[in-house]
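Below you'll find only one chain, the form predicted on its own, shown as structure tokens.
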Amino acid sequence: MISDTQKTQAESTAAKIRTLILNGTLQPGQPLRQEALSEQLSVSRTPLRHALQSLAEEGLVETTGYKGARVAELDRGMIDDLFEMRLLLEPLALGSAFPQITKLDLARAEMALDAADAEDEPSRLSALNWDFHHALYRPSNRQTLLRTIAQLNKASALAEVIASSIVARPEKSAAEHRILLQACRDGDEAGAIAALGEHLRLAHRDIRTRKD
């Protein structure tokens, strides 16, 4: 049984390792040696194991046997699966949220976009990308759906890192996001869902192009 203190340490450790992965310090396929990570991050083994387990659930880490782990490697088929699922689930979330979206939700989405415009660190860009999407999906109040989409977004961020596209398409992504946001502001549900689908299809295409 993990204590509250260890749980907090595990969450903090997972965040640190996630940043190292998304910023490219830890490369896809690289072994994650618990002894070295424990010393590097100044954390004991129990919260470290829980952190790695959490990252495995996100798709950023793969287990490689008893107590073994490495940074995940995503092949083309896995990337296709990620985006096909996102194309099904994210328009569903947006459509469910649309009648409840408020000016505050739109303001939160715009704040994430403004912050992303001034950011170039991959892990922060990934977090801000999710902040934007979550601001628009959150009013659906469909928690299981939102948790699933959040996990898919985290795995997609790794795919972008592997394909070196997370810092290559910020301007495209920003323009696509602002088209989506404007459709939401205009109360154009069909237009917003179409813009979201186009954004996801273009992101998928760019990742596949760069990975190939």
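Just so you know, these numbers come straight off a predicted model, no measurement behind them. Residues carry their position along the shown sequence, with the first being 1.
The form predicted in complex with another copy of the chain is left out here; the points below concern that form.
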So which of Gln27, Gln40, Gln53, Ser44 gets a non-hydrogen atom within 4.5 Å of another copy of the chain in the predicted bound form? Gln53
Assert contact residue (another copy of the chain, in the predicted bound form, non-hydrogen atom within 4.5 Å, options Ile101, Val71, Leu125, Leu89) equals Leu89
Heavy atom contact within 4.5 Å of another copy of the chain in the predicted bound form, the stretch among 102-110, 116-124, 77-85, 131-139: 77-85
Any chance Arg49, Gly59 and Leu145 all have a heavy atom within 4.5 Å of another copy of the chain in the predicted bound form? yes
Could you tell me if Gln182 has a non-hydrogen atom within 4.5 Å of another copy of the chain in the predicted bound form? no
May I ask you to state whether Thr209 is within 4.5 Å of another copy of the chain in the predicted bound form, using heavy atom distances? no
Another copy of the chain contact at Leu32 in the predicted bound form, heavy atom, 4.5 Å: no
